[in-house]
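Single chain ahead, by itself, as structure tokens, in the form predicted alone.
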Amino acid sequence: MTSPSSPRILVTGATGFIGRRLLYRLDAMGFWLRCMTRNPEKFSLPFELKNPPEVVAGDLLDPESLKKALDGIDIAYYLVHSMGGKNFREMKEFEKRDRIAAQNFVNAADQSGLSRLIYLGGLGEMSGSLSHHLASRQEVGKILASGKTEATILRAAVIIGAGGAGFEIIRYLVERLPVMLCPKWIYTQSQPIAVENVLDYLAGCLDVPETAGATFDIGGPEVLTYSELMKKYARVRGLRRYIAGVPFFYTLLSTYWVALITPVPPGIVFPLAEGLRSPAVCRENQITGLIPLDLISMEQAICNALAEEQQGPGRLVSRQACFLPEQA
């Protein structure tokens, strides 16, 4: 049972990769939850929650619908962001929609008296070479922080978890290709993080008032190139793989190459591939002092993701498929 004094929490993007997992985490913590979705009748979860959430209709591009969604809410998680399209024109349209959606939410939050807003954005060095997708995610964070509501902005690089687009691309490439001639972005440095640790930070912010009104970079314990990350996946699976970067793979070409090998649609691959050109390493680690965690190694994060998969190229259904020392 939830406590009458417990904050009422709204989760947008509740059916997504992060949102669905966050629902289970917050439910286990005893919070009262409301989920906003454009189609409440289609809302479903693979497993029941202890306390079924309230599900309301809402569209970030429809300001009127946000009033009802935010009515009586104390804290909101903003976990909605468009991936983009397969060309520059489509990317610009998605960026425009994301700006409008974020501003609509800020306006509604200001009117409702929302006390806390927590957003998960993207990690990347601020420079002229930052991808349109990552620049858009950072712009959304700035918009969400511009209102009266105290906003916490978390910025993450590749999140390792079953169903996450970045992880699924790595999984399918390594599973299917013994020899990989890849775009040169495989030598870009990143600080990937296990999805479990992302949830730890998202939920942990609720208990740490110092996180309100601040922006934090979040990452795992290792800085790796994408080539090194793919090699770690191969090690976990006991696979021998040869991986090398070549200069002639431009972003659009690499998009179609990845889409050909993996089931991830080009409209999702394109913004991800464009973003891989920019280093995604934490510039500061302040949150580790506010929310201390045992950060999960990439080998273990990969193993955890594989254990969660129900089917796929390797048909991995248990941790026994991982070539790692037995964990306590």
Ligand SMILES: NC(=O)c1ccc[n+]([C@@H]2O[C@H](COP(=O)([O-])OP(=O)(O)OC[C@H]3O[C@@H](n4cnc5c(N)ncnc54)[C@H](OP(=O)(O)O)[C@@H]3O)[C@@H](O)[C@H]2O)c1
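As the structure is a prediction and not an experimental result, all values here were calculated from the model. Throughout, we count residues from 1 along the sequence that is shown.
Form predicted in complex with this ligand: not shown, discussed below.
Please name which of the stretches 53-61, 279-287, 298-306, 22-30 has residues with heavy atoms lying within 4.5 Å of this ligand in the model of the complex. Answer to the contact question: 53-61.
If the cut-off is 4.5 angstroms on heavy atoms, which of these, 120, 117, 205, 169, is the one near this ligand in the model of the complex? Residue within 4.5 Å of the partner: 120.
Answer with one of 173, 80, 199, 73: the residue that has a non-hydrogen atom within 4.5 Å of this ligand in the model of the complex. In short, 80.
Contact check for 138, 153 and 292 against this ligand in the model of the complex, heavy atom at 4.5 Å: Result no, not one residue of the spot touches this ligand.
Does the 4.5 Å heavy atom contact test between residue 18 and this ligand in the model of the complex come out positive? Yes, contact at 4.5 Å.
Does this ligand come within 4.5 Å of any heavy atom of residue 67 in the model of the complex? Residue 67: no, not in contact with this ligand in the model of the complex.
Taking heavy atoms only, is residue 9 within 4.5 angstroms of this ligand in the model of the complex? Contact check for residue 9: no, nothing within 4.5 Å of this ligand in the model of the complex.
Would you classify residue 159 as touching this ligand in the model of the complex, given a 4.5 Å non-hydrogen atom cut-off? Yes - in the model of the complex, heavy atoms of residue 159 and this ligand come within 4.5 Å of each other.
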